[in-house]
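Two forms of a single protein chain come next, each set out by itself as structure tokens; they are called structure 1 and structure 2.
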Structure 1
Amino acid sequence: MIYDPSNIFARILRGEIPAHKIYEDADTLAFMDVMPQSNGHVLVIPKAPAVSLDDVDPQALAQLIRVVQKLAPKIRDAVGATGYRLAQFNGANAGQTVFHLHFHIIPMYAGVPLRPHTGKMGDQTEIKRHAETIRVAIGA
């Protein structure tokens, strides 16, 4: 698949669409999922264009996973979760809906099931509140 520079994550990177950003460095961006499956659901993307693991530069992937590893436990702790799930999809048949490589960091709470991915936006006030809490916890 050829990378489409008009995908929503590319547009977020260019500042054309707002996002609740929680972390950014020269190579990566982390922001709140607007359709969260749990409180504190974050997406981490490379700034370099890549559709999936199939076409990402290995150095960009290494930096991306370093950021995921650094942020995941801090997000878990910031939102009071008891664990976290990482998810990454490659291709439409695998569940990928935005064709820009990304990792989901999904906080998990004891006895609380994940919300289904229905395509409906979450409560933006609540998402913003979680973003602020996470930013404080990671020192952003």
Structure 2
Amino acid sequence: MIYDPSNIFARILRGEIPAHKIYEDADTLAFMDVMPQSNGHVLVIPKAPAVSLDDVDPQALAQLIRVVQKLAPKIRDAVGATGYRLAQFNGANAGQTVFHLHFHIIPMYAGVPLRPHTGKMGDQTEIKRHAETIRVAIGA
């Protein structure tokens, strides 16, 4: 699959549409998922274009997973979760809906089932509040 620069995450990277950003460095952006499967659901993306794991440059992937490792426990602790799940989909038949590589960091709470993967828009006020809490915790 050829990378389509009009995908929604490319548009977020170009600042064409808003996002609740929680972390940014030269190679990586992390922001809140608008349809969170749990409170504090974050997406981490490389700035360099890649559709999926298939075509990402290995160096860029290494950088990306380092950021995921750094952020995930901080997000978990910031939102009062007790675990986190990582998800990463490759191809439409695997559940990928946005064709710019991304890792989901999904905080897990005891006894709280996840909301569906392609669910409803979350409460924007609540998502904004979670973003603020996470930003404080990671010192962003």
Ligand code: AMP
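Along the sequence of structure 1, residues get numbers from 1 upward. This structure is a prediction, so every number in the text was calculated from the model and none was measured. Residues that one form lacks are left out of the comparison. Definition used throughout: the rigid core is the maximal C-alpha set that superposes within 1.5 Å between two forms.
Peer 1: Give me a 1 or a 2 for the form predicted together with adenosine monophosphate.
Peer 2: The form predicted together with adenosine monophosphate is the one given as structure 2; the other form is structure 1.
Peer 1: When the two are fit on their core, where are the runs of 3+ residues whose C-alphas each shift at least 2 angstroms between structures 1 and 2?
Peer 2: CA shift run, sole hit: 117-120.
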